[in-house]
Every structure is written in structure tokens, then in C-alpha cells.
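One chain is shown next in C-alpha cells, namely the form predicted on its own.
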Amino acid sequence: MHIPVMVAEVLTSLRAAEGGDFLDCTLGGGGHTRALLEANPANRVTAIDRDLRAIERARGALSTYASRLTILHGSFSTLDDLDLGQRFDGMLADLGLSTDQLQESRGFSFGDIAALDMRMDEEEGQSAAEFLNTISEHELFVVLRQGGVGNEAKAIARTIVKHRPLTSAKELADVVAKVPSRKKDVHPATVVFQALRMAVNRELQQIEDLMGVAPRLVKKSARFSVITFHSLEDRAVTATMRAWEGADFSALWPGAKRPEVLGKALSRKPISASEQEILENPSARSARLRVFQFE
């Protein structure tokens, strides 16, 4: 069963107890959506997900709240096309995988012997196997480096290409394990899987799309809360929030116009899960929450 991270912090950051209309951009296991609905009986939530399996599960699990809940199939890049028909008092995006996805034999977990898929939306784009088995060694090296793999990326790319075709997550994990790794405390394929999943789902581009559309979806004084799980996500979110504050503006020529200031980040440092939550839910250890308040 999926356990949502930092629920109390999310509710506080979005002022959910005060009531309002909320947009959950990542329905997932439905935990945050449920918490938003329960925080105030007047709350209404529109929840979106790329994953049709997640939507099907949530429709059943959250049926009690049907009168106050709208669930839509879509991605960050299609938010403009969904005709949401309103602006929101608060927006949330939890960028992590759900436990349900890890357990569905879709290639996210090292031990999966089913097809190596990794797509959030199984009706869109190439599967991880199709992607991995057709790109060049250099292209794979670039994907690994951009996805956070260190100095061993070149050796891993060469080894993967040598052992292609690969059809399951377990095969991929076993091949990556053949390359010596300096990190002894985590599985050597951890960051490789992250990099491949990010490429297959165009995750950094999706985050850019989300940050681009967010200011058009919120009411005056609305808050936007984003939970990231690794530095690449956090860096992309932080850079945009700083731009919204006008923090990175520099006048390089006379008459340069400062961009519109949209609001301010509520904390310079991200909010982390409590020690107690990490004990109860270890997956919360890498979660980081950033909150922006629009003017």
C-alpha cells in the first residue's frame, strides 16, 4: 500500500484547513488527494495523473468523495488542454513513484522479470526496452549522465550495449551490476534506473511544462507545493521559483526590463520529512518540499 509523504506539511503549506479549490497534479496512490478532501468538508479537488492504472484505483478508493472530486487523465504537458475551467487556491505536485507502480511489474523494480516498460502512461511513447535496445552507445551515455550517473556511465553504456537486447528489469539490473561501482551502500543500478525512467517519461521536460503553466492556473495569493526526490528535480523546480521571484535578473544593457515578479518562495531551504516519518516510511528520506506563494 502506498504511503503519501509529508502529508501534514503539505496540508499546512497549502492552508488546506481553511478550505478552497485544489489541483493535485500527481494523483498517484490518492493519499494527498484524500488528505486535502478530509482537511475541510468544503474542499474540492481536481486530480490528474498520466497513469491510467492509478486513476482506476483512485476512482474506487475515493468514491466517497465523488461529489467534491474530479479525476482527469493527463500529464503536465497537457494541463493547458484539459480545460480545467477554473483557477485554484492551491496546487500540489508529488514527483515520486508510488509503491503501487513499483509492485505492478512494469520495470521500475530491479527484480521485475516482466517486460521492461517504465512508462507512466502505457499508451504513450516507447517502452524502456524499446528505447534502451535501439539507441546508440553514445546516446545512452548522454542519457545516463544527464540522469545523474557518475564517472561509470561510459562503462555502463558499453556493457549494456554489449548485452543487448534486454527485455526485463532484472536483466538490466544484472548487467549493470557487472560494472564495478564505488557506491557500496546502494544497488549499482539505482541511478541507472532513475536515468532511464526519466528519459522514457521525459520527466525533466514534464517538470518544465508544469512550471510553465502553473502561474496561469492559480488564484491570487495561491500556493504551489512541489515534492521532489532527487537533485535534478529539485534543481529544476528551484530555478523556476527563483525566476518567478525575479532573483536571477541582471541588467546587462541600459533599459533592460526586470521580468514580472510573481511572488516568493516561502523558504530558502526545502522542507524535509521528520525523523519519525522516515522511521515509519523510509521512502520519505529523500523527499524535499518546496512552496511558492503567488501574489
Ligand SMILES: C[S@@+](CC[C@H](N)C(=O)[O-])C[C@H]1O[C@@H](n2cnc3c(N)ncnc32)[C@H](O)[C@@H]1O
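For every residue, the number given is its place in the sequence shown, counted from 1. Predicted, not measured: the structure shown is a model, and the values here were computed from it.
The following text describes the form predicted in complex with the ligand, which does not appear among the structures shown.
K.L.:
Does Met120 reach the ligand in the predicted complex, with heavy atoms at most 4.5 Å apart?
P.N.:
So Met120 counts as contacting the ligand.
K.L.:
At 4.5 Å between heavy atoms, is Asp94 in contact with the ligand in the predicted complex?
P.N.:
The answer is yes: Asp94 has a heavy atom within 4.5 Å of the ligand.
K.L.:
Please determine whether His2 contacts the ligand in the predicted complex, using a 4.5 Å cut-off between heavy atoms.
P.N.:
So His2 counts as contacting the ligand.
K.L.:
Is Leu27 close enough to the ligand in the predicted complex to count, meaning some heavy atom within 4.5 Å?
P.N.:
Residue-level check for Leu27: yes, a contact with the ligand.
K.L.:
At 4.5 Å between heavy atoms, only one of the stretches 234-242, 59-67, 263-271, 43-51 reaches the ligand in the predicted complex; which one is it?
P.N.:
Of the stretches listed, the one contacting the partner is 43-51.
K.L.:
Going by heavy atom distances of 4.5 angstroms or less, which of Phe141, Phe76, Phe193, Phe88 would be at the interface with the ligand in the predicted complex?
P.N.:
Checking each option against the ligand in the predicted complex, the one that comes within 4.5 Å is Phe76.
K.L.:
Since the partner isn't included here, can you check whether the ligand sits close to all of Ser109, Pro188 and Thr228 in the predicted complex (heavy atom within 4.5 Å for each)?
P.N.:
No: no residue has a heavy atom within 4.5 Å of the partner.
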